[in-house]
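What follows is a single chain, given as structure tokens, in the form predicted on its own.
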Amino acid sequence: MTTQPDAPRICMVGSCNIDLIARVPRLPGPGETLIGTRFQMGFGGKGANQAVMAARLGAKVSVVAKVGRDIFGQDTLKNFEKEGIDTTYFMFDDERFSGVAPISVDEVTGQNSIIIVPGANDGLSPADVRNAAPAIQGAQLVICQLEVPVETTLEAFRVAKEAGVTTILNPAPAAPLPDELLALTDVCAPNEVEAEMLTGVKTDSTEGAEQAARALQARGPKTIVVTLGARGALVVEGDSPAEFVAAEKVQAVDSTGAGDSFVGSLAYALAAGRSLGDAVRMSCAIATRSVLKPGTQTSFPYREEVMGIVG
């Protein structure tokens, strides 16, 4: 996959995992062994997912990430290269295993049980980020999440702000956030559960989601985009009235990774110079498209598949 010389430039500092998915008749109880019906592996980690989505839309993407020196790490590197992603600052950890996420899925109810073992993601350090400063400084926009140490994300945003690079924080999984990190965040993009966990404000209504967004906004970010699942997204920018962006109603096949599809698309659209409202509408439409196929990265569309949306 090739990108145009004037393609939006995005740097992702964050996580890579391998998903190990077993489908079972029901979720096992303590001490119980069950025979599963199907097993599959997939590339995951919020950071990797968001990077791949942005690259598939045509962005020039670089990654700052760390994996174990094992088959999972080698496969992750090959996957990034296949997607046309710059891996100059993709690193191997000689002590830790690659991050993995064993997932059991009840094939009757669709409920799942997930164990995330961060592995080498925990080894991505502020020093690694400083070494990768050229990738951050050369980008128009940097995306981070909370699946690597928070001090590493903080260092990435410090480097970005010193260079005048726009920052997007996807605060997932939700965790206490240092005030400095939020102060360095231009766009904060939680889902409704994360927004509630970060603020203590109920987000089961549009009004509640706006209250949570305003509470986050008061801590630093000028712009908050709260994703609301199948409902769409809520946009709060500065002192302007909140804008609700409705998602198209579809029969979802698999919603796994839809949030990452949204964030990766949002990063692409903002780096490409779209207005915030237009960027959120585009991202909602692409995330909706992703739920029509099974899997995570396997469900993410390529640019040519969504030309009517991307324009």
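Remember, it's a predicted structure, so these values are computed and weren't measured experimentally. Whichever C-alpha set is largest while still superposing within 1.5 Å between the two forms counts as the rigid core. Note that residue numbering follows the sequence shown and begins at 1.
As for the form predicted in complex with alpha-D-ribofuranose, it is not shown, yet the points below apply to it.
**Q** Just one of 41 to 49, 278 to 286, 27 to 35, 60 to 68 has heavy atoms within 4.5 Å of alpha-D-ribofuranose in the predicted complex; which?
**A** It is the stretch 41 to 49.
**Q** Which of 103, 77, 91, 198 has a heavy atom within 4.5 Å of alpha-D-ribofuranose in the predicted complex?
**A** Flagged contact: 103.
**Q** Taking alpha-D-ribofuranose in the predicted complex as the reference, which of 116, 228, 177, 146 has a non-hydrogen atom within 4.5 Å?
**A** By the 4.5 Å heavy-atom cutoff, the listed residue in contact is 116.
**Q** Is residue 290 a contact residue for alpha-D-ribofuranose in the predicted complex, using a 4.5 Å heavy atom cut-off?
**A** No - in the predicted complex, heavy atoms of residue 290 and alpha-D-ribofuranose never come within 4.5 Å of each other.
**Q** Do any residues of 277 to 311 have a non-hydrogen atom within 4.5 angstroms of alpha-D-ribofuranose in the predicted complex? If so, which ones, in sequence order?
**A** Counting only heavy atoms within 4.5 Å of alpha-D-ribofuranose in the predicted complex, the single contacting residue of 277 to 311 is 296.
**Q** Is residue 105 among the residues whose Cα moves by 2 Å or more between the shown form and the other one after superposition of the rigid core?
**A** Indeed, residue 105 is displaced by 2 Å or more.
**Q** Aligning on the rigid core, do we see the C-alpha of residue 291 shift 2 angstroms or more between the shown form and the other one?
**A** Superposed on the core, residue 291 moves its C-alpha less than 2 Å between the shown form and the other one.
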